[in-house]
Structures are given as C-alpha cells and as structure tokens.
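Given next, in structure tokens, is a single chain: the form predicted alone.
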C-alpha cells in the first residue's frame, strides 16, 4: 500500500443501510481506503450480511465488535446511578450508546493507523456532536469526515431519492422491503423513532411502530413481581418472585428486565425534546428494562440518602443528563460529575420489590441495611424521641421571613 493511500485510510461507522453504503462508495470515489466498523450494542442486525455487503462495495476491511457488556456496565449502570433522565423524561439510550461506540471505533482507528474517521449522522442532529466530541477527546489528532455537512455531498444528495439513484448507478444493493416512514435507532437500552411521519407532533404513532414493548392494553392481565437488589447504587441481582428466575450478571440482568418490561408494555414515551444544536424534535422511545431499574433505584435512593445530600445529588443528576445528552461523556466535568454521583451511592444498598403491569412499574416495598427510615420516630402511635412542642418554634422560625415579606408588601400597597 502506498504512503498516499495509507495517509487517506478512514474508519467508517457502518450499518449496511442505504446512507452508510452510499457514503462508503462515495469515500472510495474520493480516494480513501475504507475500513468499515460496526459495534454490537444489542441492536437486531444481520452483522454478517453487513460484512459481506461492505466487502462487495469495496471496503478493505470490516471490523465488528461486541460491546454489549461494557455498554451495560460502563455506560448504562452509571446512568441508573444518576437517575439519568434528560428533561425529566428521556432515559437517553442513544446518547449513552454513542460514546461507547465511538470509544471502540477510535481504538480500531488507532490499530489500523487511520488518520480519519467518518460517520453518517445528519447536520441537524445530536449524534454528530456526540460522535465527534468523543472522537476528539480520545484521539486528539484524528480528523472527522462528516459527509452530510460537506457542500459537495449534501448539494449532490439532497435526500433519500438522490441516494437511491446513486445506489442504482453504483450497483449498491437496495433494501428488498419498503423502509418504514420514520428513522430508527436501536440498542440494548432502547429503540428510538423519529423523522418521517413523526415530524408532525400531532401524528399519533401507529401501533405497528413499537418493537420492544407490547401495547399496554394487550399486555398480560397477570403482573410480574420482581425483587431488585442494589449495591452502591448498581443493580446486582433481579429475582422473579413468581417463578424464581434469578439473574446476577450485568448483561443478563438488563436483558431480563427488558424482557419483562417489554412483555408488560413498560417504558414507552412520546416527547418533544430540545436538541443541543438548538431546535426541538419529536421522538418516540421504548426503554423497558431501563424504566424498571430507574424506578427501583430512585425509590431506594430516597430511602437511604439524607434529605440535604439528595438535594445536591439531584442537581448532579441533572448535570449528568445534560452532559450525556450533549455528548460530553469524556469531558473533565462529566468525569467529575460521575465520580461525585458514585460517592453519593456508598450507602444505596438494598432491595426494591416492584410490580410490572400494563405499562406501569409499581413499587411494592423496599429494604436496606442503611435505611434512614425510623419507624418509631415517624409513628403516629408512639411518641419516640421527639417532643411535639418543639414543632411550634420550628414553625415560627420558618414563618418569620414569610410574615415579614407579606407585612412589608402590604405596607407598600397601602401607602400608594
């Protein structure tokens, strides 16, 4: 291989779909030696078919890596600890997967001696930011090729129709079935749907859209009861109280929660969110296992954390969600936030029992060796170590500023 070809080696994030297949051929046209890369983060995909297609189209090599376990342990688990919800609703499945994929891809770029990496993310979305911030953080001299931001690409290909024509011209195999009228991104954590007919925020999602979850109305009439054990805020065991099924390995545990949540229609949301780049977008998400674990963790956290500590922790949770959503996983502030959150979880040990039923996760009970719940202190039947008369002074002290505020505002009004 000549020095010139070696210098233009690029690792392309490749799925085998229309967009990345066209980008692969376009990169070859522009003189690049293309190594295609595909990370297995739990999506339902024919990986060997993608490998064969890449070879037919001219890729010099195809690298497929299974990163499911590290995705759960190193990305999903920290998000469970952080009660990770962007804008209080979105569990961030795609945002969590991107740094995991980028890390694996940059490792391949280093091994292959590639100076470039490329991706097929659009110029309007969040993924271009997540991918590229991660790439630059992990490989300071890497150069990123983003075709959908290059005028020579997006003026030539104004949409999918142009890509179809290009594919026919270049002999790129086309899908044998009609593509769904929306965009899909799938991984272990969730499936997301956006674009196409969903761009109208009033359009109701068709029933056939959902893949991971049963429609709640069609879900079983008998609930499933799970006991979920946490150590330092991390799920370590799930037990099905109905049939005794037990899972302890992180990947197995998460897949099982997905299975139970999916069967009962848990984890569906339809939201309009604020993209980092500045526009609002409508997204529909299915996050069955993540929804179960987030609900259980949040309950145990309240049970075991001091009130004032949890106030600070909630602020850190919000920071975590912003940092992940906006692609700053490998930034110093995000590392600091995760460390602080991890420290807050030292006593978040115990079990939470939940009922999963008809689209809902219902907390049934919880137990912890580090509980701050004092049954005698809170009891209405036992006075315990508490003097009721103390409450009068407590109330008066708290009322002081309110009384003064209202008195002064009233005097201002009467003086006019």
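Computed from a prediction, not measured in an experiment: that's the story for all the values here. Residue numbers count along the first chain shown, from 1. Between two forms, the rigid core is the largest collection of C-alphas that superpose within 1.5 Å.
Keep in mind that the form predicted in complex with another copy of the chain is missing from the display, and what follows is about it.
In the predicted complex, another copy of the chain lies within 4.5 Å of some heavy atom of residue 123.
Shown alone here, residue 262 lies farther than 4.5 Å from another copy of the chain in the predicted complex, counting heavy atoms only. Taking the partner from the other structure, another copy of the chain in the predicted complex has no heavy atom within 4.5 Å of any heavy atom of residue 113. Residue 208 falls outside the set of residues with a heavy atom inside 4.5 Å of another copy of the chain in the predicted complex. Every residue of the trio 217, 359 and 364 has some heavy atom no more than 4.5 Å from another copy of the chain in the predicted complex. When you look in the predicted complex, the only residue of 316, 239, 251, 106 with a non-hydrogen atom within 4.5 Å of another copy of the chain is 316.
Residues with any non-hydrogen atom within 4.5 angstroms of another copy of the chain in the predicted complex fall in just one of 163 to 171, 252 to 260, 68 to 76, 83 to 91: 83 to 91. Residues from 47 to 78 do not approach another copy of the chain in the predicted complex: none has a non-hydrogen atom within 4.5 Å of it. Annotation for residue 49: C-alpha shift under 2 angstroms between this form and the one not shown, rigid core superposed. Annotation: Cα of residue 363 displaced by less than 2 Å between this form and the one not shown, core superposition.
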